[in-house]
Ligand SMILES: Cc1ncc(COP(=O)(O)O)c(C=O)c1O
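Presented as structure tokens, the chain that follows is alone, the form predicted alone.
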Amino acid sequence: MGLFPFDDAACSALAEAHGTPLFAYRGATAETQFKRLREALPKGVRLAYAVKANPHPELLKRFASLGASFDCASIGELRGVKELSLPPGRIFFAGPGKRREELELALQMSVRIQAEGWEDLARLDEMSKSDVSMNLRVHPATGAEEGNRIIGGVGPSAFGIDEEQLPEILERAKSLRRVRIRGLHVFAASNQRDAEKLLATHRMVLEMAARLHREHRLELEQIDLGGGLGVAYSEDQTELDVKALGQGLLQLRHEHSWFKGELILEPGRYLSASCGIYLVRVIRIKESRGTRFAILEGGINHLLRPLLTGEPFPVRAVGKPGPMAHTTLAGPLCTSLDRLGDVDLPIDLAPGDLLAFGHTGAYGFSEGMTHFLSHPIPAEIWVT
């Protein structure tokens, strides 16, 4: 997919009609991306959209109509997905700090819960009125390499049960009356664009599952391989080869023929990033000790990801070709943290010019610090 879902003419029309700052999403782009990934994967692999990437109701409806399952991580996300009236088996619930009311709603909705520790197992055993199967989230000792460690990595983690603690947990779980561990969940990568590195992690997970099946007689219905499917944020970055990923998963299934259940992938960014654009105008241009700043009407209050990862969203000046100059993008907030990246933009960039940020369909509006400094909250619109 391209870096931007709308051309310059469409961006100008959207800004004129709805004002700026503005988030706009193209449904057809999201649908194309979902179908591309679905077609590349073998049968027996379930796609569960990670709602945290973008919980927009129209996006959830679009993915649900295509057969997606959903990975939720809060009571708000559960409530949003509940509106879709999905049959049992298409909703998963993860998160390192699940409150009782969240677990109660998850049980009510027949959600597949990803237990993060003994506390989840014990509370659910006490709360459940009938037998309930769930997955055990494991924090592995090895995993895919990450340029920016957001959720994966192999050091200390708030997520899941350390791999080395599994034997003890599985032994304690024999005392549970209602809860049955029938799956594993491992999320060990973030924005990984190398299919071979993702497959290396998936292989590690399946080998772990095989050991647990053999040594602890653990019967597994599901193995959730997590997300981490990456996207390119610039033209010089390579795209994830989803066909290679699909072929690799098919090979892993052949190698682990003992496992008769389903594999699960939880892509969020990969499915939704390319459908979104953020439109914002330049307020002023400033030179400071050899650095050119473009100060915008929106910053990390709308796009927080560059501050977290050090990597900017792709950006272009709408309808303004020409020679480029290195530019630091600053927002309107009264903090030096309000930076959206160092990029090349036209030399004649001026106040009032419109900038378009691509790939903001994931970790854009809903990740922003929208209430910080009480600036106006941008509109979101959905374009079919």
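Remember, it's a predicted structure, so these values are computed and weren't measured experimentally. Heads up: residue numbers just count along the shown sequence, starting at 1.
As for the form predicted in complex with the named molecule, it is not shown, yet the points below apply to it.
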Given 308-316, 255-263, 225-233, 210-218, the stretch touching the named molecule in the predicted bound form at heavy atoms within 4.5 Å is 225-233
inquiry  = Is it the case that G299, even though its partner is missing from this view, gets within 4.5 Å of the named molecule in the predicted bound form, heavy atoms only?
reply    = no
Would you check, heavy atoms only and a 4.5 Å threshold, whether Y363 touches the named molecule in the predicted bound form?
yes
### Message
Given that the named molecule is not shown alongside this chain, does R46 nevertheless sit within 4.5 Å of it in the predicted bound form, heavy atom to heavy atom?
### Response
no
* According to a 4.5 angstroms non-hydrogen atom cut-off, is F187 in contact with the named molecule in the predicted bound form? -> yes
In this chain shown alone, the residue from P140, G117, G248, G268 with a heavy atom within 4.5 Å of the named molecule in the predicted bound form is G268
In the predicted bound form, the residue from A30, L355, L329, A50 with a non-hydrogen atom within 4.5 Å of the named molecule is A50
